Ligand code: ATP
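Okay, here we've got a single chain as structure tokens, the form predicted on its own, with questions on binding and movement later.
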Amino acid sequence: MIGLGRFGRSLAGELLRGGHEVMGIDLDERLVQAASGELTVVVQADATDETVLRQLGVADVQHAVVAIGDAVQASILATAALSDLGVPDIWGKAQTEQHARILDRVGAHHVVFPERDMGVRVAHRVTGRMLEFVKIDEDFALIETPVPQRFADRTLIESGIRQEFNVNVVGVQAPDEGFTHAQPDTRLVEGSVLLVAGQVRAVERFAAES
């Protein structure tokens, strides 16, 4: 994990909870001290220097994330250094579309926009009945939304949701129960929560029914 700001530390912590070992690298002594003891290894170093990264054994890792925030030049140089080392899976955090294009050109295999993506998720939750919104692709999303009242007490196949809205209900959570896979004979009851997948406009239209 190159960059131990809020995003980098949060991501690193989640990876640790998933059973992965994580090396954290940052040039800022304050951030290194804050993350000390939280990660498998924490090092204060210049991650834009390929020689330094090689000495730290970064050439042997399978996955690397460049989570550097506003320092665009450092983000680009660190990504290029990882690419030159032959790291097989490089993730980069971008601030702008131009930043993303450069990261892609210098060797990032995946580019994410944490602030923008969170803004999109919150916007959908604020303006509609969605409990959650996750954009999977440019025009495909997975949402969590209450079952519309007019479909309550029907089975999924009886509801005709797929035919009417061109979306797929992939999971159902009945009141006080956990999520289960949606089946044609799954009964939708008032207070249930649905996981629905489909094109963005389609899932938005379905959520508006709730």
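The numbering used is simple: start at 1 and walk along the sequence shown. Everything quoted here is computed from the prediction, not taken from an experiment.
Form predicted together with this ligand: not shown, discussed below.
Go through Val41, Ala45, Ala152, Leu56 and name the one with a heavy atom inside 4.5 Å of this ligand in the model of the complex.
Filtering the options by heavy-atom distance leaves Ala45.
Though this ligand is not shown, can you say which of Leu27, Ala182, Ala174, Leu142 has a heavy atom within 4.5 Å of it in the model of the complex?
Exactly one listed residue reaches within 4.5 Å, namely Leu27.
Only one of these stretches, 174 to 182, 154 to 162, 33 to 41, 47 to 55, has heavy atoms within 4.5 Å of this ligand in the model of the complex; which one is it?
Going by heavy atoms within 4.5 Å, the stretch is 47 to 55.
Answer for Ala71 alone: is it within 4.5 Å of this ligand in the model of the complex, judged on heavy atom distances?
Ala71: yes, in contact with this ligand in the model of the complex.
Heavy atom of Ala67 within 4.5 Å of this ligand in the model of the complex
Judged by the heavy-atom cut-off of 4.5 Å, Ala67 is in contact with this ligand in the model of the complex.
With the cut-off set at 4.5 Å between non-hydrogen atoms, does Arg205 touch this ligand in the model of the complex?
Residue-level check for Arg205: no, no contact with this ligand.
If you look in the model of the complex, which residues in 81 to 102 sit within 4.5 Å of this ligand (heavy atoms)?
Heavy-atom contacts within 4.5 Å come from Lys93 alone.
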